[in-house]
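The form predicted on its own is given below as one chain in structure tokens.
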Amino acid sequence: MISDEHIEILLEDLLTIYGYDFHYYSKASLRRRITRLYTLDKFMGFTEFRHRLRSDKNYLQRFIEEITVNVTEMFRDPGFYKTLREQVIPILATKPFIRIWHAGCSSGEEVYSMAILLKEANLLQKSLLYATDINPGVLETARKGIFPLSNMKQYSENYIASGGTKDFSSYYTCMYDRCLFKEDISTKMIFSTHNLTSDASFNEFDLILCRNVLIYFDKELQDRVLTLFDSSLGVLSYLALGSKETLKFSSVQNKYKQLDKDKIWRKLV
């Protein structure tokens, strides 16, 4: 079994050798995921596990993929996207140029969802969508825009429930069991690695989406990331979080007003 002491040793290795800082991630989540990987790969002992992680950069990528959370889908929580469609995008439309940051974008389904909303509002041509994640493997999936055909039924239902009125299949082409989203959807996307725990702000945005990422951080790191987002948002811009995440009790809460009951806040000062 992996002990708390072992986890601390691994976290120090990751920080010292590779610059990844996972110290403020939820310890329960880390222990569960690291133990799962240790068991799956059938290591004889912790020493072998640690040596592999320290010496094999390919195994580092597998480690990162396993301990970071990559669960997402297109138009996830349709009511959330309906609010974006009806209350946020019309405000963004008044701007000469629109910058949106999907932080912790995982394999990109929500970035493509946003691009479709913007396209349907005739705004995609004056927008840039920055999609970042700590995990280079899932970023490569997002960059390709290829998703399983088996997911399209659920994605189409989500799209319609979010207020979509077009034929969802018009946005992609299929071959065998995979679907490729058309190039006019992805042309305004920029994909890049970014570590929310250590990297700085890199632009000023009109909307930042970081959904169901903060729940895996402890309170100190949550507050640090929210401060990063605050410094990356202009006045009257928007911040969108996941269904179990909130600005309440954070150091920036008094600068924002929540839109109804949705997990979307507008920066007032």
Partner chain sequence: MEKAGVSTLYSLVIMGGSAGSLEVILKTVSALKTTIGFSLVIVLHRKKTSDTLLSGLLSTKTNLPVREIEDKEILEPGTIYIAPPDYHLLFEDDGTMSLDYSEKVNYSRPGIDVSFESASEVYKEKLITVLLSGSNSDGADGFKIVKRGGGTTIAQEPATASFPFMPQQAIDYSSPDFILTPDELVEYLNRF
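Residue numbers count along the first chain shown, from 1. Everything quoted here is computed from the prediction, not taken from an experiment.
Separately, the form predicted in complex with the partner chain exists; it is not shown, and the next lines address it.
- Candidate site formed by 73, 214 and 243: every one of these residues places a non-hydrogen atom within 4.5 angstroms of the partner chain in the predicted bound form.
- Taking a 4.5 Å heavy atom cutoff to the partner chain in the predicted bound form, the contact residue among 48, 204, 56, 218 is 218.
- Contact with the partner chain, judged by heavy atoms within 4.5 Å in the predicted bound form, is confined among 225-233, 30-38, 48-56, 196-204 to 30-38.
- By the criterion of a heavy atom within 4.5 Å, residue 18 is excluded from the residues contacting the partner chain in the predicted bound form.
- Interface membership of residue 14, defined by any non-hydrogen atom within 4.5 Å of the partner chain in the predicted bound form, is ruled out.
- In the predicted bound form, the partner chain lies farther than 4.5 Å from every heavy atom of residue 255.
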